[in-house]
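Alright, two takes on the same chain below, each alone as structure tokens: structure 1 and structure 2.
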Structure 1
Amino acid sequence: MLTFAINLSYLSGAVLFVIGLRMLGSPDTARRGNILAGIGMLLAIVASAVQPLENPNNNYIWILASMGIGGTIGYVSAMKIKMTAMPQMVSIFNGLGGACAVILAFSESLPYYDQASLLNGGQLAIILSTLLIGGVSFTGSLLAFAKLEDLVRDDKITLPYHNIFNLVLLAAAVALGVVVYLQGSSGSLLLLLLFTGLSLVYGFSFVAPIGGADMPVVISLLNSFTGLSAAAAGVIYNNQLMLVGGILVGASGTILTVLMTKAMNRSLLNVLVGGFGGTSGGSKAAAGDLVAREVSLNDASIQLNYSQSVMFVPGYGLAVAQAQKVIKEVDDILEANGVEVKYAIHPVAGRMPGHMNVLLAEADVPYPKLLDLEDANAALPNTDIVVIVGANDVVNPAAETDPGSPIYGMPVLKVWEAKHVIVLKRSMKPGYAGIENPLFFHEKTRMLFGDAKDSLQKLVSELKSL
């Protein structure tokens, strides 16, 4: 009877995961979906705590203590984190899941090397894959976190020929894995440790050259890796729920990764080994003698106030400046004066999939006002003023016109088709990708220099005084 109840809990857990994920796909049901998946997880945790085992020592005190610590840390950090720091938070949570899988696989191999347990070839291979995938996901996510927190600069951690170094590293790790596999239990634990170490170094090194605009791709890819490592750990413990949960995450991570790469018109391989920057030699020089024209706050506010339609284009700069609430203030004032306000959201704006949507949601911008790439491009020719807040590469006309540009072919927001463009920008420095943006020198474009939040706040007071 107990076994039946346990199995039923695991089964319900799996079903709740599937239904929960399904409901997460639609705005009306998303919140309930998340809660359902959470209930599924709770069922599964309880089931795993009481399921009959061969020689249980239970150690419930240890289990409860560690769950208490982990649960508290998780809850408190989730509640305290600023919405602008969301990509970092998701990355670090993700990395910890990967680390957990590594610990499991390592622990399961200990009795094997003590000759205290037997593993068949398949199981050993699964352990090794868990170590590799989980390890890459762990250190990769940690580095992604550090990059998003601006703790490291890309150029400080990238070696010359970094891509070749990565390939060699991966080949070495795989080769070592094969040796460990072939030696079986007669091999030494030391080699397994070395293999784990190589996997960890590879994870770090694999994320090292990828940065900036490519972050949404990497984050969803790492998410998918953690899922796969959880699924592999599920095979070790012969636990179907872990397998199902892990694979679902692997699938969702893969889909998001593909969506992101499609939005940039690049292949995954190109993102992983290519990287932006460094290749844009030809197109940079031309911009030297062009002049960007400035607009005063006063002119900008008058233009905005007497226009019919305004479209904001937010980018990572909005997150950095934490300007989401002020942008909403400008929006409210303009709406009150009869201006139609929309937001154009490029799929890879920001540092994780859907980043801008979350920020604008925090500021209470109703989501029907958010237009995706296609809708925005259709609406742009009839828009009076486009206001670009901290976006750069996603509005770069070079993606359409300059075959020499590294982002050539990437679908962008055609803001230059609107009547006027105002760019809020800190300085004339190129964006994260280091690519010149001809939009800033476009005849329709006016620059409003300064911190995005600051400029928007000044716009608010100008608009109020009109």
Structure 2
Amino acid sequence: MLTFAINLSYLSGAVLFVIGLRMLGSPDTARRGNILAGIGMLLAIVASAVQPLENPNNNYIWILASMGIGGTIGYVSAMKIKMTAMPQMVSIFNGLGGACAVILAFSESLPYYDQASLLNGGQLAIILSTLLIGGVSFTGSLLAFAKLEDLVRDDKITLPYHNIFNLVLLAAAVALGVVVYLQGSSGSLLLLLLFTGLSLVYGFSFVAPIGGADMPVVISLLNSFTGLSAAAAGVIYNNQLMLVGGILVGASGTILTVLMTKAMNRSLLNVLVGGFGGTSGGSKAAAGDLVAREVSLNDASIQLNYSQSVMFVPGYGLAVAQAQKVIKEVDDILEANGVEVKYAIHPVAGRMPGHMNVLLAEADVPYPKLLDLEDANAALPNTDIVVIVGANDVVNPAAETDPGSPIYGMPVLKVWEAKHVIVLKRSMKPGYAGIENPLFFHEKTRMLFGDAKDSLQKLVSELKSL
């Protein structure tokens, strides 16, 4: 009876995972999907804890204490985290998942080395795979967090020909893994430690050369690594739900990574060898003697109020300013005056996948108003005014016109095809990728300098006074 209840709990948890993941595809159902997936995880934890009751050596005090501490930290972090720091939190959670997989795999292999028992080939292969994938996910996610927090500079952690160094390092780790596999548990524990260490070093080195504009893809890829390492750990412990959950995370993360690399006109192979995108620098062709043209708040409000269609392009600056609710207020005023309002969402806007979608959903912006890259570009030529709020690299025409730019070939939002462009920006400083943007000097563009939230609040006041 107990076995039946445990298996039923695992099956129910797996079904809830799938349903929850499916519901995450829309902001209207995402909250319920997240709750359902959480219930599935709770079932998995309870079933895993109940399953070995016949073993008197289980120390449930330690288990419950660890769960209590971890749950408290997670709850407090989730309640206090700011939307601007959400990518960093996702990176940390990815890293901790990878670290757990590494600890589980290593601890599972120690008894075999201590007692000189024999590991079968399948067990050892799974353990080595878990150590490699989990190690890359752990240190890679930590470095991604440090980059997002501006704790490290790209030029301080990269080497000349770093991509070649990464390939050599990966080859060395794989070769050492083969040696450990061939020796089995009769080999040296030191070699297993060295393999684990190389995996951790490669994770750090893998993320090191990847530039800021490419961070959303890195987070997505590392998320898939974490899922795969969790699935491998599920095989080690013969835990069906850990296996199913890990496969779901790994598969969804991989699919998202492929979609994002396609949206940026990059190859997945470039990502895997750490040769994805660039760091800082880029084209300076737009600088020269060109002068940016400013627009006053009054003129901007009049243009918006008497236009027929407006498209907002949100970026990371919107998240920094916490201006999503104010932009919705501008949206409501314009809609009340008969202006059609849409939002153009680039796949890699912000610093994690879906960053802008989450921000706008928090402000209750209707999901049908959000246009993806292709639909937005189709609508832009018929748009009266584009208002760019904190976006930079995803609206950079250098991606189409400057072969020397690190983002050349990347599909961008062609905002310059609209009739008018207003850019809300603090200064003329380049964006996160450190690339100059010729759009700021375009004849259709007018700059509205200042904090995005403050500028939008003033726009609200001007619109109400018209």
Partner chain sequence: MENAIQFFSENLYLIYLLIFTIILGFEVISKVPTVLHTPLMSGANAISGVVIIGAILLMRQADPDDYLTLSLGFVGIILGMINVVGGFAVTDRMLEMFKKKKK
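Bear in mind that the values here come from a model prediction, so they are computed numbers and not experimental data. All residue numbers here follow the sequence of structure 1, with the first residue given the number 1. Take the two forms, superpose them, and find the largest set of C-alpha atoms that agree within 1.5 Å; that set is the rigid core.
The first of the two standalone chains is derived from the form predicted together with its partner chain. Relative to the superposed rigid core, the position of the CA of Gly20 differs between structures 1 and 2 by less than 2 Å. Put the two forms on the same core and the Cα of Ala344 is off by 2 Å or more between structures 1 and 2. Once the rigid core is overlaid between structures 1 and 2, Thr445 counts among the residues whose Cα shifts by 2 Å or more. Superposed on the rigid core, the forms differ at Leu370: its CA is offset by 3.3 Å between structures 1 and 2.
For Ile333, the CA shift between structures 1 and 2 after superposing the rigid core equals 6.2 Å.
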